[in-house]
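As a starting point, one isolated chain is supplied in structure tokens, in the form predicted on its own.
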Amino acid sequence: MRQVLNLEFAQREHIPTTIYTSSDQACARVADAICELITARKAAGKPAVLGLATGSTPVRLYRELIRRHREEGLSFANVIIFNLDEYYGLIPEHPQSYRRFMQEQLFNLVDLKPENCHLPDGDVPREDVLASCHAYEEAITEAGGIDIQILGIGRTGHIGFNEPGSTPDSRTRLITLDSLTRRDAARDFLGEKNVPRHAITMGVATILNARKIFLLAWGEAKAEVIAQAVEGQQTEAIPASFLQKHPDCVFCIDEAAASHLTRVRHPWLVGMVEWSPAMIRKAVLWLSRKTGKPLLKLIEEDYSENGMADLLTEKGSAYELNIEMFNTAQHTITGWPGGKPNADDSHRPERAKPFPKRSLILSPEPLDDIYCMGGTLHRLVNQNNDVTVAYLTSGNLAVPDSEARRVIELMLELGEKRESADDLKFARLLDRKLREKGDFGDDPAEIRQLKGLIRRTESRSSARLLDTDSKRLRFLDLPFYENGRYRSFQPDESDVERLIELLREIRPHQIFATGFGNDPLSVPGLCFEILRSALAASQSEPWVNDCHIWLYRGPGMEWETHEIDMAVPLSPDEFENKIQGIYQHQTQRNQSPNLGKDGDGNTWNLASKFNRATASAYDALGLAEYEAIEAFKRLDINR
């Protein structure tokens, strides 16, 4: 943990914010406060009143509270719960209702009294909504008010479902969900069209009435809005900014979620910094973007007018710094991601030997590999490296029922035409299983298997376009995914062992992976931690010391220029080939998360936007102009 209150680097922050090295550390701190409250209220013969949130963010907090209940005797018998919100129009049994979420994540796993667990009624008739909301406010008041309120934050800046436009005096009410909020929920509902358009939420004023507030945030996807809420003006455009009004509110965030705070992103603007090579590169490339000048055109006044005069004093003239940073950026560019044989590699991101390399590409779900590094994959294959693509999970949870229905209908028709009793029997079984589970049920094993096979066929089709032999595709189907569902995944040693087996078999010279900086409960975040564990367990094996780890960002994200250690440029033809590869993943055309604030309607448009933006960023630095660039950051395997 890094405690930062009252430091000069936090001078721009209007809300006390503590950065933790992991979400588990943050959750332990918040769990301590909850335990202290419960204990003190129990001693006083009074209930402790908690306001709780849903979504992936608080899940680890709930798991820590459950652990303390089971292992340390923490009792919730004197606890009253009020949840922030509920989707409107969902019955409590719906798999995505927040009532069911809370039952599965906390209520059923501790000794809470059912009558003490309150959520807004999402199934109330429309004409009774107002009265139901008033009753919810009254229930909070009758309980004595909320002692501790737990919050997450949405990418629109919403707390609860208080979307942009919510006022600081708002109370519990029915609200229309923002389009970005609905897109972020699309994966859970297997498509944006299935996401409810309305929700009932506590108001901003209701939240501000809590005596103490903890806001939790993990992952870089939340970094921009965290900075806006903490450092910006109070505004209805970012409802979380109204938390600046609260006398006892603390943001508890991980390093990835803190990455856009000024003290992290641009520390030279708020205090003296240690000018390490990485910090110099970060600052000079930022200066180039801010001034709109290529690197070689920056002058000393640009440095001194933007908080970097001490850098010139310590490191020399602008001319020397500009050339050094230009060369550093230029040396990240390579058309040989596996290393160029028989070439001077002193200024190349990847070494020349050995060649060919055994390259292992890890894709958390099918599509991640093509979407984020399809052009690089194509290069690795065509440059005769020994490439293996491993899909860590089947991705079956992201396949809509409509896609499964389409395949089942094809199987039924084929069975009838071939007059195959066995084929018909199996197709009819799948048809019955799909109908029986209905709109709200979890997929039975047979349907999940079918959906996984659908995604395998899409991956093979995509691989063919990129000249990748389908025999080089590996489908690990890690148990944590096959046995779980979103927000409920719990990896264990069996997942790590399965990846260790693959690593020992391939003994890669290169690993391309993603998930660094993601929400720790997301599929990429979990897969990255499984990789960390597998590498740690393999440290004594000779191949590990000769292995480079290259990190690619997930869909809808990209490295900033100062973070890029390898930039692989794509020609127009290569780029179009990649887009066609993405297009083969038919079930995911509008399913992938992080489709962006601009409402990009499909996966290939967003991939195009980010790869072209990286090329434009390099062009703006004064480097060569390319159609598109895929970017990678090298990971220290011991970090």
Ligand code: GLP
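The first residue of the shown sequence is 1; numbering continues from there. Quantities reported herein were computed from a predicted structural model and do not represent experimental measurements.
Form predicted together with this ligand: not shown, discussed below.
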Practice task
Identify which of D85, D495, D147, E458 has a heavy atom within 4.5 Å of this ligand in the predicted bound form; exactly one of them does.
Solution key: D85
Completion exercise
Checking F76, W550, F528, F161 against this ligand in the predicted bound form, the residue with a non-hydrogen atom inside 4.5 angstroms turns out to be F161
Handout entry: Contact flag, Q584 vs this ligand in the predicted bound form, heavy atom cut 4.5 Å
Key = no
Exercise for the section: Determine whether any heavy atom of P47 comes within 4.5 Å of a heavy atom of this ligand in the predicted bound form, and answer yes or no. Expected result: no
Practice task
Would you check, heavy atoms only and a 4.5 Å threshold, whether I153 touches this ligand in the predicted bound form?
Solution key: yes
Exercise for the section: Although this ligand is absent from this view, report whether T614 comes within 4.5 Å of it in the predicted bound form, heavy atoms only. Expected result: no
Practice task
Quick one: find which of 606-614, 573-581, 33-41, 55-63 has residues within 4.5 Å of this ligand in the predicted bound form by heavy atom distance.
Solution key: 55-63
Problem - Candidate site Y98, K222 and R487: all three near this ligand in the predicted bound form by heavy atom within 4.5 Å - result: yes
Practice task
Check each residue of 297-313 against this ligand in the predicted bound form and list those with a heavy atom within 4.5 Å, in sequence order.
Solution key: none
